[in-house]
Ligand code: IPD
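The chain below stands alone and is given in structure tokens; this is the form predicted alone.
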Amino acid sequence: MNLANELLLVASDLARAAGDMALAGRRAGLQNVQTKSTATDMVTEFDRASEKLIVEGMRDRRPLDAIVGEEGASVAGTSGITWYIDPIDGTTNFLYDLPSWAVSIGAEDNNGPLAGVVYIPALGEMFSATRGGGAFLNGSPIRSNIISDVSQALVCTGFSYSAEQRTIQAQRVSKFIHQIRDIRRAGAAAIDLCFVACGRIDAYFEENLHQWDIAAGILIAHEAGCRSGDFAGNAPRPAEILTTAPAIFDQLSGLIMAASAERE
């Protein structure tokens, strides 16, 4: 087994274990819900329990790897591999018992994303990819949609936890919503990236994310044939991410940039 597949196996096992644990806990009822950066930025006992399970599993199976987790995990490593963990991506959905939340685990080396999984426990769906190895949903290959006209594109986005930023972002969308098929807002970046990868939506864009939000999903999208960048078409980064079916990237990039310029 090569390194990428070895990492994928570790990520898949731990994502499934953590996700199933969190799903069972959610169904039993939440006992400890707190806030982080704003009054609407939530964290539950299962965010922390999920990250703890994953980190402990990684320390056991990959003791030389570095680990960065949303809920505070920070482990130095010497192997050249860094794991980025989002133990529950879509905590607000989790809090409201909506199915669109996931465990996202991505591994990177000096050349970028190497292996990643996004597990959606409530749907029983495991998205996965290795660099150069293709993208899969529950073991079956996936590809992005074939679409060439942005006016037919179903576009997903996300909004900030900051109320002021949400207003700005909503105003930007309002500038071009009439030039696309429609807008969706699902509430979990990792899932949004995977849904572009498998053709459930045609494009996704968001800003002010973190590496743990996108480390797995962007690899899955890339391996499914998607095109990714920042809003202007440069290299993708957590501060700005745009991922689309490949033929509409430039068109949607133009709409977003024009709408952003109008508000300045």
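One-based numbering along the sequence shown. Keep in mind that this is a model prediction, so the values were computed, not measured.
Below, we refer to the form predicted together with the ligand, which is not included among the displayed structures.
Colleague: Does the trio Val10, Ala15 and Gly57 actually contact the ligand in the predicted complex, every residue with a heavy atom within 4.5 Å?
Modeller: None of them does, since no heavy atom lies within 4.5 Å of the partner.
Colleague: So which of 117-125, 76-84, 179-187, 143-151 is the stretch with heavy atoms within 4.5 Å of the ligand in the predicted complex?
Modeller: Within 4.5 Å of the partner lies stretch 179-187.
Colleague: Check each of Glu223, Asp202, Glu51, Glu206 and return the one that places a heavy atom within 4.5 angstroms of the ligand in the predicted complex.
Modeller: The residue from Glu223, Asp202, Glu51, Glu206 that makes the contact is Glu206.
Colleague: Only one of Cys194, Ala107, Ile88, Ala129 has a non-hydrogen atom within 4.5 angstroms of the ligand in the predicted complex; which is it?
Modeller: So the residue touching the ligand in the predicted complex, by this definition, is Ile88.
Colleague: With a cut-off of 4.5 Å between heavy atoms, is Gly133 one of the residues that contacts the ligand in the predicted complex?
Modeller: No, Gly133 sits far enough from the ligand in the predicted complex that none of its heavy atoms falls within 4.5 Å.
Colleague: Just checking whether Gly158 would be counted as a contact of the ligand in the predicted complex - the rule being heavy atoms within 4.5 angstroms.
Modeller: Yes - in the predicted complex, heavy atoms of Gly158 and the ligand come within 4.5 Å of each other.
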